[in-house]
Each structure stands twice: as C-alpha cells, then as structure tokens.
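Only one chain comes next, encoded as structure tokens, the form predicted alone.
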Amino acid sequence: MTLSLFPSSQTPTARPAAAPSGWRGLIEEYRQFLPVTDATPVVTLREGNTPLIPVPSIAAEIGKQVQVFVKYDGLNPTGSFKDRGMTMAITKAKEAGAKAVICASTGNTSAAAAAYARRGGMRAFVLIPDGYVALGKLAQALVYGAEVLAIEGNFDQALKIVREMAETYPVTLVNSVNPYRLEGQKTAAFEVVDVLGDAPDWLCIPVGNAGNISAYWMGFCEYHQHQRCQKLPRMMGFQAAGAAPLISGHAVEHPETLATAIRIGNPANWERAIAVKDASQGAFNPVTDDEIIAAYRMLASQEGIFCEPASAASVAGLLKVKDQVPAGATVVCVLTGNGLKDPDAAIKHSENPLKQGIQPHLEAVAKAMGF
C-alpha cells in the first residue's frame, strides 16, 4: 500500500513558472535615456544597481553635520565600474555586426571588455603595459578568454596603438573614447539620484583617463533636464600625485603611482574633464600614494568596505580638502573597483599581521588570541 503525504483533496498541482523579475541590467532599467531601440541586441550581465553606502567614520573626520556615502561600483559583475560602459559598448558593437573588439587597459577595462565580448560572441584583444596590471585583473582577462598582448610601454602608448588598430583593421575600439562607454557609465549618476532623491552637493571621484567624471556629469545633467533632480553637484576629481596631468596642465611621460588603475599620464578625455570641472565649479586635486593607502585602510578597517587602491583616491581627496566641504553637505565618493582586483596591494599594505606557526590545539590558539 502506498501512503500519500497529502489528502486527496490537497494534492499539489504544478504552477506556471513566475516571470523573471528584479533588476534587468542598466540598459533595460534606463532604456529611455540610452541610444538603443527595440531591435538592439542587448549584451548584459545584469550590471548596475550597486549600493550607495553611508560611511559615518569618514563623515566624522569632516564634521560639520556632513553626510558621506560611497558608490561601491566594485560590486558590478567583473568588479568595477567599467561594466557600465562595456554593456553599452559591446551591445552597440554587436548591433553594428562587429566580430572583434580591442582596448588598452591598466586592468579593469580588459576584464570588462573580455567578459562582455565573450558574452556577445566576439573576440577580445587587450593591450596592457607589461608589469603594471594587478594580477587579479590580468587573471580575469585571461580566464574570460581575451587575447592579451603585453607591450613594453605604458598605458598611453597602448591606447595610441589600439586607436590606430581600430582605424586600420576590422576591430571595434571599446576604450572610453568610444561614446557608448560614457552613455553606459552615466547611469551611475542616475542611481545616485534615485537613492538620495536628489543629486549630492559634491561628487568625489578618482580620475585616470577621465571618462568616468565626464560620464557622471552627463548623467546628472540629463536627470536635471528631465527634472529628476533639483541641483547639480560640484565635481571633485582626484588624481594620484605621480600621475596628475590635469593638475599640472601637461602630459606626464612616465606616470608613477601604486594606484595602477589611474596610472595614466595623458587622459583621452582631457578636454571633456576640464569642461566638467568648469561647468560644475568643481576642482582637481592631487593625492599622494600615502594618502591613498591611508584612505584604503580606513575604508576597510572602519567601514568594512574593500576597494582597490585607485578607488580610495576619492576618499583620500575628500579628506584632504575637508575644510572646503560646506556644512550639512551631502557627499558621494565613487569607489570604482573591488579590492580583490589587487590582492598583492592588500597584503603589502595591511597593518594587520598574519599570525603563523600556531600549534593545532586549543591552548595555543587561545594564547595567540590573547586569552
């Protein structure tokens, strides 16, 4: 005799599968603000919708009843803000029938380009400066299937080559000079406003190739034009002191900084970034490697937020100019990448020692813990 777990009147019946819901990726969520049509073949990994996190320890350093948030774009699918632009760049490349894409990269762009290109069924070629890409980022590009070419030069030389390649050969350039990259990246500004209910008073952001600061400004301006926000922020850009061409006013032939993601001496979006600074009544300031690492440690140890060193330039910069922050201001600092992108930097610059050689028994572990 077979026993049923359900009375005959309660036998469960199959239900139709629920329709997919939740976040659909930034192209679908902000379609009305992006250059796509119903026929556009969207290539997405459900990027965007990254958290805006309050950081009270940073706010306390400034005082004056200031509110500080970080926009943690390190929680995008490949671990950086580059995914925002890449979903658009690869989508439009696929729409145009491209079979291959190319980029120069200090790491994050290569990871994003490789992931989205492979998702879209395209080849991905990446030029990197040999020895100046964090291992986490290089590993991503290789595993995603990019064809990585390491040149004996810096990022600026790599960018010059890939621009020439795209003009000469059948490959699509997906660096931030590609206008669709900025279209995707501007959605981060939309998300900030959607959470806060208005634009912040200040937007602090690391500046390398200067595409992201340009994209954020595009986003804030578009939302303002559509009356989605009532004000526009001051755009405060921060460059590593050893790679600060926008501050010195001239290209840096040999940029140097441990913040490899912003180790760029001749930004492709130079003129656009200057225009953003002027239009927003903002400013560019340098931060030293020591200041970057101090902010990097502070975010991790006091807020539980692990970003890559270049990301911490925004917080380092805010703390450097804290006397200029208006009382009661709302400030957003952009954290562009995840700390796991550069594990070597984390281990090298941690002030928390690894305790080794402990015997595997309770008393030894308790003693090591200080009990």
Ligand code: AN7
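Nothing here was measured: the structure is a model prediction, and the numbers come from that model. One rule holds for the numbers: they count along the sequence shown, beginning at 1.
Not pictured, yet referred to below: the form predicted together with this ligand.
- The partner is not drawn, yet in the model of the complex one stretch among 161-169, 81-89, 281-289, 94-102 has residues with heavy atoms inside 4.5 Å of this ligand: 81-89.
- Residue-level contacts in the model of the complex: of Ala188, Ala124, Ile264, Cys204, one residue has a heavy atom within 4.5 Å of this ligand, and it is Ile264.
- For the options Gly237, Pro200, Gly208, Gly219, the one in contact with this ligand in the model of the complex, meaning a heavy atom within 4.5 Å, is Gly208.
- For the three residues Asn108, Phe155 and Gly337, a heavy atom within 4.5 Å of this ligand turns up in the model of the complex in every case.
- Shown alone here, Glu308 lies within 4.5 Å of this ligand in the model of the complex, counting heavy atoms only.
- For the chain shown alone, Asn76 is not a contact residue for this ligand in the model of the complex, no non-hydrogen atom being within 4.5 angstroms.
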